[in-house]
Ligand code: THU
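Coming up is one lone chain in structure tokens, specifically the form predicted alone.
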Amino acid sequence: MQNLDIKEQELLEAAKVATNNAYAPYSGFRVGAALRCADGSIVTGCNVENASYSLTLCAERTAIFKAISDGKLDFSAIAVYVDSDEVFPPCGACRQVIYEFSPNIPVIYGNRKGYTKTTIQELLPGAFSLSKG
């Protein structure tokens, strides 16, 4: 993959592998996410759907909540992979959660045909944030 360094390629590959654990009987879209923590570790997540769609949890939030529940709060990058030919950037809810914990994080999202590299600020301008003062 051009334009991704080795660590970014590794992160996107980890997200791709995480799709194997997705539970997606309703949409059929298997999604995986990989979150690089400041300590260099990678935490993965996958989408978990529910017949009541609002109870579905996206891969990005799964990875972030999993990392936080393990005491990790500093993140340096996130990658999301959808096992599809269609392009799916993180949804609005995921964008807000990503921004909450890492307002300057690079975001890579890919599918079978390629990837896009951007930042959470580009994906969510004007995000809600904790007031500083």
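In case it trips you up, residue 1 is the first one in the sequence shown, and so on. It should be emphasised that the depicted structure is a prediction, and the values quoted were computed from it without experimental measurement.
As for the form predicted together with the ligand, it is not shown, yet the points below apply to it.
In summary, the binding site of this form is open: after superposition of the surrounding C-alphas, the ligand from its pose in the model of the complex has no atom within 2.4 Å of backbone or C-beta atoms.
Within this chain, Thr56 lines the site of the ligand in the model of the complex, having a heavy atom no more than 4.5 Å away.
Interface membership of Ser41, defined by any non-hydrogen atom within 4.5 Å of the ligand in the model of the complex, is ruled out.
Of the heavy atoms in Phe65, none are within 4.5 Å of the ligand in the model of the complex.
Residue contact check for Ser27: one or more of its heavy atoms lie within 4.5 Å of the ligand in the model of the complex. Heavy atoms of every residue among Val31, Glu49 and Cys91 are located within 4.5 Å of the ligand in the model of the complex.
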